[in-house]
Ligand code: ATP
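Starting off, we have a lone chain in the form predicted alone, written out as structure tokens.
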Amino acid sequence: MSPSLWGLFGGAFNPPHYGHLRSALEVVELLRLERLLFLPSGGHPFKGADLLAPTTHRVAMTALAIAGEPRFALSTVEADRPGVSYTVDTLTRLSREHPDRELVLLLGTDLLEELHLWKDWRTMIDRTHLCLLTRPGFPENLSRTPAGRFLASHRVDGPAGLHRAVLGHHGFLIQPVTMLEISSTDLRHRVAAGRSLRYLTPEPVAEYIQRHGLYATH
């Protein structure tokens, strides 16, 4: 029997947008995920607090963004943690809370460049499977980064290979998805310039930003 897969999608979501949502939906379909947990970050070790909207707002916006897709769910495990939040601590907690699930942490190609700087990054594969989201046709030269070289030995050919009982360990998968040219940074600049966010993020998110005066100055 195939394992029950749950995806973990972390990020600042500052703010969330259709680029996040489109990639997330494709991953759910391609990996046949039972559920995808969105994990808005709390304190971020690489981003200053001056760049982030307050955690409560980012959590609220994420909840609005994912409403209506029953396979999407919100987790505040990182947002609720005081101080700086480290991914390895989140993975340790979630793997203990859901021992009967195969957890898959989603990573963007940009994160692969910095993964070796994360706390206890080599131990993350001991907690969950890792899935690198790429553009179709992305060159798969893993040897150019320390993390890529490490993860190459755990690589599986497809979603069906993400099975601890078969592998004897967690696996690493590269999964091409459609990546829209939308960024949270650009959305923040648009708000500061008084420009519309229509068709870049769900309307409830855009309305929330306007209602609470987020990103009005940069």
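All residue numbers refer to positions in the sequence shown, first residue = 1. It should be emphasised that the depicted structure is a prediction, and the values quoted were computed from it without experimental measurement.
Omitted from view is the form predicted together with the named molecule, to which the following refers.
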{"property": "Whether 17, 108 and 180 all lie within 4.5 angstroms of the named molecule in the predicted complex by heavy atom", "result": "yes"}
{"property": "Heavy atom of residue 185 within 4.5 Å of the named molecule in the predicted complex", "result": "yes"}
{"property": "Exercise: residue 202 in contact with the named molecule in the predicted complex, heavy atom 4.5 Å", "result": "no"}
{"property": "Exercise: residue 206 in contact with the named molecule in the predicted complex, heavy atom 4.5 Å", "result": "no"}
{"property": "Any non-hydrogen atom of residue 12 within 4.5 angstroms of the named molecule in the predicted complex", "result": "yes"}
{"property": "One stretch from 66-74, 25-33, 152-160, 185-193 that, in the predicted complex, holds residues within 4.5 Å of the named molecule by heavy atom", "result": "185-193"}
